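Take a look at this single chain, the form predicted on its own, given in structure tokens.
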Amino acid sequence: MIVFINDRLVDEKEAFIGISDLSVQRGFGIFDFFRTCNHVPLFLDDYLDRFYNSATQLRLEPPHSRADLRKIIFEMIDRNKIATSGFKLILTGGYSVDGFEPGKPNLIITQQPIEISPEERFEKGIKIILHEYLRDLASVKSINYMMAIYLRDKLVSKQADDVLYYKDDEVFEFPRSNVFVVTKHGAVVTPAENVLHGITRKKVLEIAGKKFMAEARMVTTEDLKDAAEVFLTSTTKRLLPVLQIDDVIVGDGKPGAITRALYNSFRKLEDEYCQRPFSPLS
């Protein structure tokens, strides 16, 4: 694969950063991730908005303008020729003189083939567990995934698919996904504070607002237990029904009607977007 590092496109085997970078020394840096469908970068502007917002919050200065990033991305799409792929943009803390002070950030952009969650996964749904934890600077898409990786063994032992963070009875997010609750009155609700604002989350909220009562607000563990439906959203998973939380079955243990309607509407939006003509300047 062709990757981009700082100021040039190179073969991935030739892409390196030094060990004094704060991403190595302290796990300090940001990233973002989007996917392509039919060689089209899905919702690219939304992802670039979030990338630059994360950089601003951590006071990291990307070495390239937004327009230049678009050109780089489209050149990689043209050269790597992967119709369905995942792009990762990483902005590091830069080379540090003392292992603590940030330096000039390094920018790394990679593209790899990916698999998108199939229809069968939607029908099967997932089991999740709860874990009390609140991410630092949750609105930043940080490279720090220590807790998520630490909990992998717990997921295996509980035979669960994912872990949902909460603290003091307030529900937040999954390590790599957002959570939605459908109340018994048919309202679609997602946590508003101390979460990463996912792009799929954003699109689903927009779709839901046209068909149902939808809002971003505080969600409690009690809301979760009383929910008629629960689902997650993410770039690669789209929407996935949550059918079991710890030992509690959600609803009737099957994907709910509102979750299914939102899933179908999102798939339609995605399909329409992937047929649009795109260029670096659009």
Ligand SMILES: Cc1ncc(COP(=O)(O)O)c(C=O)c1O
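Computed from a prediction, not measured in an experiment: that's the story for all the values here. The numbering used is simple: start at 1 and walk along the sequence shown.
The same protein also has a form predicted together with the ligand, omitted here; what follows describes it.
### Message
Among the candidate stretches 152-160, 175-183, 89-97, 75-83, which one is within 4.5 Å of the ligand in the predicted complex when only heavy atoms are counted?
### Response
Only one stretch passes the 4.5 Å heavy-atom test: 175-183.
### Message
Against the ligand in the predicted complex, would residue 198 count as a contact residue? Criterion: heavy atoms within 4.5 Å.
### Response
Contact with the ligand, yes.
### Message
Please determine whether residue 145 contacts the ligand in the predicted complex, using a 4.5 Å cut-off between heavy atoms.
### Response
Contact check for residue 145: yes, within 4.5 Å of the ligand in the predicted complex.
### Task
Answer with yes or no whether residue 70 is in contact with the ligand in the predicted complex, where contact means some heavy atom within 4.5 Å.
No, no contact at 4.5 Å.
### Query
Using heavy atoms and a 4.5 Å limit, would one call residue 51 a contact residue for the ligand in the predicted complex?
No.
### Task
Would you mind checking 231-268 for residues with a heavy atom within 4.5 Å of the ligand in the predicted complex?
Stretch hits, in order: 233, 234, 235.
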